[in-house]
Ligand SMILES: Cc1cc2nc3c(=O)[nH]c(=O)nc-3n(C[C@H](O)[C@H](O)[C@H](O)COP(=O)(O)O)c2cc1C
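For reference, the chain that follows is the form predicted alone, supplied as structure tokens.
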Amino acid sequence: MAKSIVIYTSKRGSTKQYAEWIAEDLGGEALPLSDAYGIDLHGYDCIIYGGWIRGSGIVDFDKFAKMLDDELMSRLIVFGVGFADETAENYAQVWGYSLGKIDPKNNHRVLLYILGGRYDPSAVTGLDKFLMKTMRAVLLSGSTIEAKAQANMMKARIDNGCDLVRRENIDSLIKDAMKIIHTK
């Protein structure tokens, strides 16, 4: 059985970069979701899916999830890439919009990681540009001091862009993947 596979959806490169780093560290392979259909995932000890976060959900996770059964879920790690800080609230929202739809009680103990991404406001067009403008307006309506501080940080990232991609962001994910690989 092969060690690991990383399947990903990436729009501007951050998720692809993480997928490649993860595959390199685990001695596995990284494939875009579009190239993964038809692959027998049962041949892998550890299956990792990564996608960028839009509206608190991991893009294309629903499509990827159709490839899974109970056995594969026990080998799964998921990561989402965005530019919001990893707060408990953010984590819960991403979980609910993605994994929570297929395993609401986390019976399979799937691990979720939220990794820092890149955002370049000049590269955003169409629907994404509209969504970012809407998100910016909603963020500024926060009512508590903590919410306002978080909103101001997000507003600055939306207005100015950011680059939060760091190789060390995957360290914990790699350790957990190695545990899955060594128990198979």
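Numbers for residues come from their place in the sequence shown, where the first is 1. Here the structure is a predicted model, which is why all the values come from computation and not from measurement.
Although not depicted, the form predicted together with the ligand is the subject of the following passage.
Among heavy atoms of Arg118, some come within 4.5 Å of the ligand in the predicted complex. Remark: Trp95 does not count among the residues lining the ligand in the predicted complex, judged by a heavy atom distance of 4.5 Å or less. The shortest heavy atom separation between Asp45 and the ligand in the predicted complex exceeds 4.5 Å.
The ligand in the predicted complex is approached by Arg54, whose closest heavy atom lies within 4.5 angstroms of it. Taken together, Ile77, Asn169 and Ile180 are entirely out of contact with the ligand in the predicted complex: none brings a heavy atom within 4.5 Å. Contact annotation: of the candidates Leu31, Val124, Met153, Leu41, the single residue with a non-hydrogen atom within 4.5 angstroms of the ligand in the predicted complex is Val124. Annotation for 22-44: no interface residues with the ligand in the predicted complex [heavy atom within 4.5 Å].
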